[in-house]
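One chain comes next, on its own, written out as structure tokens in the form predicted alone.
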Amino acid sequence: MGDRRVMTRKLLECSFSDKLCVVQEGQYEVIIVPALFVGAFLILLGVILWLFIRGQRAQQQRSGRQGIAPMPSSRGLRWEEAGQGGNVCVPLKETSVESFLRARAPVLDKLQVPREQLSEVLEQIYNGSCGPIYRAKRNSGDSSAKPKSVVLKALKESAGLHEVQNFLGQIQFYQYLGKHKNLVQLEGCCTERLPLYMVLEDVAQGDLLSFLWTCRRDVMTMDGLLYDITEKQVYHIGKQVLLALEFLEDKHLFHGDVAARNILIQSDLTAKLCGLGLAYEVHTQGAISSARTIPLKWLSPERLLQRPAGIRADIWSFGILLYEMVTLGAPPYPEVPPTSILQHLQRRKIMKRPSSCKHTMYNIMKSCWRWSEDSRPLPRELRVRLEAAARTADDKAVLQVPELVVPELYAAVAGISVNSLSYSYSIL
């Protein structure tokens, strides 16, 4: 120890009687010891932070694999009581689907459709990820009344408890929304036992996108539907979609996927907005699940940037819908790859005016495609503009596009799955 002190003094080049040297000798201890404590603290803090982040990522990955956004604790699930404004808390201590259905029976009692009213022969029209969709006949019980065609959305029999909860939640969501002539209507349900059915109105003519593609052919009429469309009729269909969006806005909701493929059309050109799955997610979870795959070319900039969105995001998509109608179902931004659409929009580029589109309609489209959502019109404001434009619109000249659509090519350019084009009821 003494030798080390002598060596230290030699390094400091001072004598043994120099008191200042003693101070200089001790200053190393004053600096090093606290530095060691600070270093140890920072290392410990870093380890704790790393463990926390790893836990959060693991939780997010589990949620992603399940295909749902983070849900409430499994101790209970809050269901909004449609038409009553209150909440009913149903404990999930039940281990079987059957016991859960018994617990939910009183809430859905008024919506139950007796199974004997449904025809035994079911025509499968689509096989969705949640289960098959059928067309059936419903007898009201009145022998003089003609059986009514309905659509049965079934839940696959292998569904677990959480899938059953979600299915019943969708039924209650339709009940909460109520009736609107431009939304696909819920007619009832069969949920007292398996298999579970959601009973919806049948819009047999199919989706608007298929209708627009058929308008390109030399087909005049089919099943009572006239396969041509004028500029005035484009405004007529657009107005009905805006009425549906107004209805959702009044309930503090937005649709999330406004597109021709998500609109069903009747023989009198009554339009019905469907595909309310995203609206249901926002209503129950407060956000859209990260597992949802939504075609990018219909999304507003704030949606592409994964920022909070509202009804004005639907207005952006409505502008794309007008483009779809006036081009008889052409894919938007045909020259832009789907994965590059955000960069394209960030350069403030929008679609050019189609040759079949008049300046009045194109100006309405451009108002929907303003980058700032606050500068876009609300559904009511836009509907007033459409009504004014419709008064002077051409109701004689039929829109014409000579090229026929190849679904596989359309799907690649539009950035959607070709399977989603296989049948109109895939989006119910």
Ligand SMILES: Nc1ncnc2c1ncn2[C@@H]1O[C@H](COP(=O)(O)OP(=O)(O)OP(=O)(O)O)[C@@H](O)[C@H]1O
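Note that the structure is a prediction, hence the values are computed from the model and not measured. Position 1 is the first residue in the sequence shown; the rest follow in order.
Missing here is the form predicted in complex with the ligand; even so, the following discussion is about that form.
The candidate spot formed by E302, P337 and H344 is out of contact with the ligand in the predicted bound form: none of the three has a heavy atom within 4.5 Å.
For the chain shown alone, R104 is not a contact residue for the ligand in the predicted bound form, no non-hydrogen atom being within 4.5 angstroms.
For the chain shown alone, D202 is a contact residue for the ligand in the predicted bound form, at least one non-hydrogen atom being within 4.5 angstroms. Using a 4.5 angstroms limit between non-hydrogen atoms, G275 touches the ligand in the predicted bound form.
The ligand in the predicted bound form comes within 4.5 Å of no heavy atom belonging to R217.
Put simply, of P354, P295, G128, P331 only one has a heavy atom within 4.5 Å of the ligand in the predicted bound form, and it is G128. Residue L264 is the only one of I237, I171, L321, L264 with a heavy atom lying within 4.5 Å of the ligand in the predicted bound form. Only one of 254 to 262, 140 to 148, 111 to 119, 307 to 315 lies within 4.5 Å of the ligand in the predicted bound form by heavy atoms, and it is 254 to 262. In the predicted bound form, the ligand lies within 4.5 angstroms of a heavy atom of only one residue of 177 to 195, namely V184.
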